[in-house]
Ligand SMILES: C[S@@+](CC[C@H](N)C(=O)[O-])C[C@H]1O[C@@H](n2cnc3c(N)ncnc32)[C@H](O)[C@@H]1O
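Form predicted alone, single chain, as structure tokens, below.
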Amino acid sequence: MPRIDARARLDFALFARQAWAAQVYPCLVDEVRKRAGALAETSEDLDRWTERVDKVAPFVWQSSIYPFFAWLERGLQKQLWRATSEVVSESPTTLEIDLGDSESDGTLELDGETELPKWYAECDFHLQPGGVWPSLANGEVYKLGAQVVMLGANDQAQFHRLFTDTAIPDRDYRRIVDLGCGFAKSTFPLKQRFPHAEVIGIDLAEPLLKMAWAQARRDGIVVRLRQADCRSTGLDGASADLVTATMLIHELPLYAVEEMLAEVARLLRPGGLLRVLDFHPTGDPLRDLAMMEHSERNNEPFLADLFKADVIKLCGKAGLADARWVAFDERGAGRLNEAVWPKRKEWHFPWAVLEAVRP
């Protein structure tokens, strides 16, 4: 068991992130509007100066609060990883992974020769030292950190269950492929919701797949876990009825997103569905600017490019049809049937679902 002080530091990191989102961000919004309002002669001027990212940006950058908002975000993220690393290092039993034979029909397919892309292996995404792939300890730190970064709302994969429960239509799926599955955060909920489907989780990180396999054996969940690149899964073409991904495409270079979409189109049978949960501009210029600059603060080097890209067009280029983004509210409603986010005062990630079909 971790020492009380190690766990307390993790709890503090969660509390501080909640305060940053609920208190600091609204103060930033108020200051930016006051600065713009002080120069505006009419309400139309104010609306015009705050209706686009490029128009609102000077008021944000001149704000006395924004440097603190940005510094605190980065500092709390670093504190998060320090605290989770302490907890994991003091709980060595969590690193005992049993990969022995199972009576289940699930499989773990590891490929020791899989070459990690340079942009993946050399980037400490979301500021996690060393990334997720070098060791089981890194994987455990990532798994625990993923709970805290969601402000305490994903301890039992509630966030991913909300995705699978609200964004996936009821169908008789024969094969479901979950790209970038990590420690099976959405793979398991997919299998539990569609128990008769073959569910395959794909990821590059061997430690995360081992962790997922150990949990699958403990919980009696029958899934197939495969180490592969989301752009080249090695699975048969036209073999899947549903392909999913969560928190994946914002961590891919734009050319890799195009290649992934081409692989999705290859995998799907005619009529098969794509459902991707990731980030998308909300249309609120201040929030979208802060999110684009979060790309640098949080070491997400490809996020800003994704925000600027026409992903719908990329879907069409790959051979997918009826592509659209719809908003996703992580507080409980899940997938919303429109591309409009609810008005919210606090900072939140701009979750959205990318939907498409294979003609």
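All residue numbers refer to positions in the sequence shown, first residue = 1. What you see is a predicted model, and the numbers here were worked out from it, not measured in a lab.
The same protein also exists as the form predicted in complex with the ligand; that form is not shown, yet it is the one meant from here on.
K.L.:
Though only this chain appears here, would Asp229 touch the ligand in the predicted complex if you measure heavy atom gaps against 4.5 Å?
P.N.:
Within the cut-off, so yes.
K.L.:
Are any of the heavy atoms in Val243 no more than 4.5 Å from a heavy atom of the ligand in the predicted complex?
P.N.:
No, Val243 sits far enough from the ligand in the predicted complex that none of its heavy atoms falls within 4.5 Å.
K.L.:
Tell me, yes or no, whether Glu251 is in contact with the ligand in the predicted complex, where a contact means a heavy atom of each within 4.5 Å.
P.N.:
Yes.
K.L.:
Report whether the minimum heavy atom distance between Gly180 and the ligand in the predicted complex is within 4.5 Å.
P.N.:
Close contact exists here: in the predicted complex, Gly180 approaches the ligand to within 4.5 Å, heavy atoms only.
K.L.:
Which one, 285 to 293, 213 to 221, 199 to 207, 78 to 86, holds residues whose non-hydrogen atoms are within 4.5 Å of the ligand in the predicted complex?
P.N.:
After filtering at 4.5 Å, what remains is 199 to 207.
K.L.:
Are all three of Arg17, Leu72 and Leu127 close to the ligand in the predicted complex, meaning a heavy atom of each within 4.5 Å?
P.N.:
Not a single residue of the candidate spot has a heavy atom within 4.5 Å of the ligand in the predicted complex.
K.L.:
Please tell me which of Leu144, Met247, Ala167, Leu108 lies within 4.5 Å of the ligand in the predicted complex, judged by heavy atoms.
P.N.:
Here the answer is residue option Met247.
K.L.:
Exactly one of Arg175, Lys191, His160, His280 has a non-hydrogen atom within 4.5 Å of the ligand in the predicted complex; which residue is it?
P.N.:
Of the candidates Arg175, Lys191, His160, His280, His160 is the one lying within 4.5 Å of the ligand in the predicted complex.
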